Each structure stands twice: as C-alpha cells, then as structure tokens.
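Shown here is one chain on its own, the form predicted alone, set out as structure tokens.
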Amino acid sequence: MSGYFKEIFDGGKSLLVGLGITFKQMIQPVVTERYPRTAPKMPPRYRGHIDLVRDEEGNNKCIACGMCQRNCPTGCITIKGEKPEGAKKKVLTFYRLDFTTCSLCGICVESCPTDALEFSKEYNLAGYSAGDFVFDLLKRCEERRR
C-alpha cells in the first residue's frame, strides 16, 4: 500500500514541475517571427544562389574565363563568351545557373579571379517547375542595372 501512495506523490510532483515549466514559458517574451507579414533579417553569411557582381559603371565584372564552370563539382554553371572584333578581352554573352543541381559549395565564388560572383540574399524561392530555378544571371544583372 505504501508503494501506491508513493506513486501518487511522485506523479503529483512531476505534474507540478511540468506546470511550473509551462508557466515560465508562458510569461517569457515571444521569439517567433511573424513570417510572411515581416521579412526576416538575413545574416551576413547567408548563402543564396550566386549572382554576378557589377563594377562602378554598372557592368558585370565577369571576363568569361570559365573558371567557375570548370571548378563547379555539380556542373550547374554554363558560360559563353565571345571576343568582339577589335577588342582586347572576351565579353560575357551567356551565364546560366541551374539552381536545382547547385550544392551551394561556394567553389565558383572562391575560384573567380575577378571577384565577379557573390552569394545573393534571396531566401524565398518558390516555383511550380524545375525550370523556374534555372537563372540567366547575365539577364538578371542587366535588369538590376536599370
């Protein structure tokens, strides 16, 4: 019979301890963000997809050397460049990123000799098909220029 009362006492004690924890959490301030109503502040080291960096004149810094394309372990980058007649350097004509296969490793950003790539701060990517995540970064860079 003494085991019976001991179990009732232990159960009551654990109930009070649990209610105490619940009460403490109830009076603490809320830490949840109200996500679609307020945009979260992204940390400085957040890695979204890659983007082309513009120089002071508003043009992209890419020299179409292909280092990012060669060093990408997943092969998600496709670059095309051409050398205009009479020009000294190649000009970037096409830069495609297939974000469905990108592993966000950052090797492309590190291997770029002109620092023409950076991670974007886009976090809310949503789409209905895989084609929505294939980005033409040159076109995006030109649209941001305007």
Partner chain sequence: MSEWAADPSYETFVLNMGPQHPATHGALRVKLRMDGEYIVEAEPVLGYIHRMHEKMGENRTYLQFMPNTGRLDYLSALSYNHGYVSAVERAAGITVPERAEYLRVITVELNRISSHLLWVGAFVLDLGGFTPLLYAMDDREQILDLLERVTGSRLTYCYFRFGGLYNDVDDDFEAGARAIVKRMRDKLPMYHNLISKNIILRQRLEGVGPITGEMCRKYGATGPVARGSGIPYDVRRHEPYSVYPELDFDIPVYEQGDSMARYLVRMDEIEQSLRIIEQGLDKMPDGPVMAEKVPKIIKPPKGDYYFAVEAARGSFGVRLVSDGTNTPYRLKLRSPCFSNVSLFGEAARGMLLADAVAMFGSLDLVIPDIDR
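Positions refer to the first chain, counted from 1. Keep in mind it's a predicted model, so treat the numbers as computed, not measured.
The discussion below concerns the form predicted together with the partner chain, not included here.
Novice: Only one of Arg96, Lys61, Arg47, Lys90 has a non-hydrogen atom within 4.5 angstroms of the partner chain in the predicted bound form; which is it?
Specialist: Only one listed residue qualifies here, and that residue is Arg47.
Novice: Looking at the partner chain in the predicted bound form, is some heavy atom of each of Pro43, Cys72 and Cys105 within 4.5 Å of it?
Specialist: Yes: each residue has a heavy atom within 4.5 Å of the partner.
Novice: Can you tell me whether Glu7 touches the partner chain? I mean in the predicted bound form, with a 4.5 angstroms heavy atom cut-off.
Specialist: Yes, Glu7 sits close enough to the partner chain in the predicted bound form that at least one of its heavy atoms falls within 4.5 Å.
Novice: Verify the contact flag for Cys65: yes if a non-hydrogen atom of it lies within 4.5 Å of a non-hydrogen atom of the partner chain in the predicted bound form, no if not.
Specialist: The answer is no: Cys65 has no heavy atom within 4.5 Å of the partner chain.
Novice: Taking heavy atoms only, is Glu82 within 4.5 angstroms of the partner chain in the predicted bound form?
Specialist: No, Glu82 stays farther than 4.5 Å from the partner chain in the predicted bound form.
Novice: With a cut-off of 4.5 Å between heavy atoms, is Asp115 one of the residues that contacts the partner chain in the predicted bound form?
Specialist: No, Asp115 sits far enough from the partner chain in the predicted bound form that none of its heavy atoms falls within 4.5 Å.
Novice: Let me know which residues along 107-130 have a heavy atom within 4.5 Å of the partner chain in the predicted bound form, or say none if there are none.
Specialist: Result: Ile107, Val109, Glu110, Phe119.
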